[in-house]
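Shown below, as structure tokens, is a lone chain in the form predicted alone; questions about how it binds or moves come after it.
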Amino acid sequence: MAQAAAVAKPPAPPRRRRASATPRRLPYLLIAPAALLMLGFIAYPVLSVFYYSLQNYNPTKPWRNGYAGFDNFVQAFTKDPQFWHTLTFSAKWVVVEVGLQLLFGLALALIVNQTFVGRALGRALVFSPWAVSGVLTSAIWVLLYNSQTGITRYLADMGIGSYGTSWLSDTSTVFPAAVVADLWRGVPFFAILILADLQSVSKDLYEAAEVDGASRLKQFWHITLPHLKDAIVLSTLLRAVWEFNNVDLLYTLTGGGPAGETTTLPLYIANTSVDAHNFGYASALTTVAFVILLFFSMVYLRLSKFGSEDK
């Protein structure tokens, strides 16, 4: 008995508990409600647009509703000159706006990146228009362009132009007037993104370039611009999509006029659906716009080599 007690069996090793899968799945379970909610709000409208693009759907003419196949798309490309006019103007609007906003935004970012007295106030003034909503921006510029109390009235008082001139009602001046109004709000967007990227450029690169005798222009071309490549590509892509879909400013400023001169494709879609109640045809136009933007984004990112190490 004593020997048996002395030679005791070693205690059995503790059993390894199987790791529970719940901790690994917990993050996904926590974000699942929000993800499902966002999916519902995004997927349902998109699928609805694709569905109605193949339908004749006009609530005011229910006897004509039904499956249309690709008739809406055929009408857009072959029987609707307004579609091509608005698409052409949309492309013109995007190219002019994004190009000028990038140019002025880059210039402002380079200026406020320098050290000077009152730089914080200067940055605040430069960035403040971006905090103003599109509708409020339109209201401000409608007042500025008012023929009785706006800019043209004061210019007429100085002998420049005539009284009662309305830049928004003249086909020769409405486009530049709308461009200036949108520039006021769009330029700070580029200035903010470019300035943020400028902060990460090492000062040592500029000091080494100065030692080598490089001019300011060469420093900008060989140091600053390559470093800003990805920021410029991303900001121009985002702004191009937003400008293409711009409705609030042009609708408030001109309503697409005069004589349809400033009607973009999204504004034409809005008028077709809301005013004409032709939701089937408007859905087809929306699908075309979606495909155009998707194709443009893919080609632009591919050609610009966004995210590549070669700058």
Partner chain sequence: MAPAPDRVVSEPARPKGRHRAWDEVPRWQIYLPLSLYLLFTLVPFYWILLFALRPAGSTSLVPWPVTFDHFEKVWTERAFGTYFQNSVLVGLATLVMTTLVALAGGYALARFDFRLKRAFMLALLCSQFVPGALLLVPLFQIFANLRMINSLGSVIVAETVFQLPLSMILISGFIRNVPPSLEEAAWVDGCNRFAAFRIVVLPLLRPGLIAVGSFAFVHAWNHFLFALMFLSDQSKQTIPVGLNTLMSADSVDLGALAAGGIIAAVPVVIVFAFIQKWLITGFSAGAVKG
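Positions refer to the first chain, counted from 1. We call the rigid core whatever largest set of C-alpha positions still superposes within 1.5 Å between the two forms. Because the structure is a prediction, the values reported are computed rather than measured.
The form predicted in complex with the partner chain exists for this protein as well; it is not shown, and the discussion that follows is about that form.
When contacts are defined as a non-hydrogen atom within 4.5 Å, all of L30, I140 and F290 contact the partner chain in the model of the complex. Within 4.5 Å of some heavy atom of the partner chain in the model of the complex lies at least one heavy atom of P266. Contact annotation: F41 falls within 4.5 Å of the partner chain in the model of the complex, judged by heavy atom distances. When contacts are judged by a 4.5 Å heavy atom cut-off, E210 counts as touching the partner chain in the model of the complex. Taking the partner from elsewhere, L193 is found to have a heavy atom lying within 4.5 Å of the partner chain in the model of the complex.
This chain lacks the partner; the member of V74, L225, V201, A124 within 4.5 angstroms of the partner chain in the model of the complex by a non-hydrogen atom is A124.
A single residue from the set T173, Q82, T88, S215 has any heavy atom within 4.5 angstroms of the partner chain in the model of the complex; that residue is S215. Residues of 282-303 placing a heavy atom within 4.5 Å of the partner chain in the model of the complex, in sequence order: T286, A289, F290, L293, S297, Y300, L301.
In a rigid-core overlay of the protein, M298 has its C-alpha displaced by at least 2 Å between this form and the one not shown.
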